[in-house]
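A single chain comes next, written as structure tokens; it is the form predicted alone.
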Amino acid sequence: MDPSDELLVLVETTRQFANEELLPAIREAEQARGPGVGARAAFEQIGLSRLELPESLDGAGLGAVARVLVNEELAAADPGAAWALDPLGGAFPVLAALGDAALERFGLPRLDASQGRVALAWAPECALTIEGERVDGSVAYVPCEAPDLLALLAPDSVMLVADGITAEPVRGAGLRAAGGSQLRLEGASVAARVKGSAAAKAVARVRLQTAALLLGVMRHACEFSRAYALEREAFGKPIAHHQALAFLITDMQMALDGARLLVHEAAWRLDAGLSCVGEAASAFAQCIEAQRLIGPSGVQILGGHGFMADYPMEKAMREARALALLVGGFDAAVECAGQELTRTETPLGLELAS
């Protein structure tokens, strides 16, 4: 994928914002369960809150490629703050799948007033009873502070749930800057729903934006642990120059680069109107696999410092683990990718022996 000049400027602007507004305040944002007022104002001023909103609704009208590039830059500083800064809580793909009416009713008021929060949850993992247009039950955790609207995702359906939502604050291990809530639904109403290919595409977009946040976390982990290994010396030379750690640093970078290629490919396919559901699921699953190597390896390179809050590796590992559990996590992504791979006919016209 060769980004346009417009995207390159967007990426550079986002990187500058992340380095100046988010990175210096990561611990304060975790403590406050959200980014500061200055970060929110700058985010809005840059136009990142309306990145994918159609131009007809006063948005930038950019697509999935722009979203994954922006999310990686934001998450390289603080993925929790990145999640919290989005007025729609990552639910734009769901609102888009439900149509312009849903965007105008539920999306625009939150974008214009920065009031109200939308939470995302993977329905198969929630203890819910759905009867007609009513929903009862509980959601153990959402990375969102006091949401008033819930987007429920499943492999082939998405729905918006409004009213009857009670949120209790909880503190998660990761994404602390996004806040966190346990939800109780009592007679909550289904405001809108969609099934089939449109829903599957919405889930794919959510997986891609989550995978891009994982990329940012892993990139920062790779860069910081490599810089640390080049600075710290043992036996007369930087520990990065010892073969075992040199190989480990290389493996980490290879895992990151491979995962990024899959994410960018899936995002490009989505913007091009090509099949992307299986590709997005595969990319998300690969990012989860990559973080299982990169997070612990980064902590290993730092040794005891890897577990200390004075260094960013402990944060990187818990943030990556939290992101890897969203949208159904690894198992749901692999199942989706497998279904898409086996849905088509045998490639190249080959005939299998009976």
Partner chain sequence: MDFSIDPESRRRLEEARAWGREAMRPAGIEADRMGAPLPVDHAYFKRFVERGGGRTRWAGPDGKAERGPRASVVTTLLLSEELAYWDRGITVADPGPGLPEASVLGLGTEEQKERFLGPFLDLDRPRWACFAMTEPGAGSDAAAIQTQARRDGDGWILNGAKCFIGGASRADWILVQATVDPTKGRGGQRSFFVEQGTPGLGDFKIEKKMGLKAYESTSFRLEDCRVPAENLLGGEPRHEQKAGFKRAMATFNAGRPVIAANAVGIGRAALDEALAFAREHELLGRDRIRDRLEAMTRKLRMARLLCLRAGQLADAERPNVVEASTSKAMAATVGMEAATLGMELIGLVGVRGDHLIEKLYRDVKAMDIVEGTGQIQRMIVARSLVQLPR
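What you see is a predicted model, and the numbers here were worked out from it, not measured in a lab. Positions refer to the first chain, counted from 1.
Unshown form predicted together with the partner chain; subsequent notes refer to it.
- The candidate spot formed by A173, I288 and Q300 is fully in contact with the partner chain in the predicted bound form: every one of the three has a heavy atom within 4.5 Å.
- Just one listed stretch, out of 78-86, 95-103, 219-227, 136-144, contacts the partner chain in the predicted bound form at the 4.5 Å heavy atom level, and that stretch is 136-144.
- When contacts are judged by a 4.5 Å heavy atom cut-off, L274 does not count as touching the partner chain in the predicted bound form.
- Of the heavy atoms in D310, some are within 4.5 Å of the partner chain in the predicted bound form.
- Contact check for E12: no non-hydrogen atom falls within 4.5 Å of the partner chain in the predicted bound form.
- R321 belongs to the set of residues with a heavy atom inside 4.5 Å of the partner chain in the predicted bound form.
- With the partner omitted from this view, the residue of Q182, S197, T250, S189 that lies near the partner chain in the predicted bound form is Q182 [heavy atom within 4.5 Å].
- The contact with the partner chain in the predicted bound form, taken as any heavy atom within 4.5 Å, belongs to M317 out of A64, M317, V70, A29.
- Shown here without the partner chain, the chain has A244, L245, L248 in 242-271 lying with a heavy atom within 4.5 Å of that partner in the predicted bound form.
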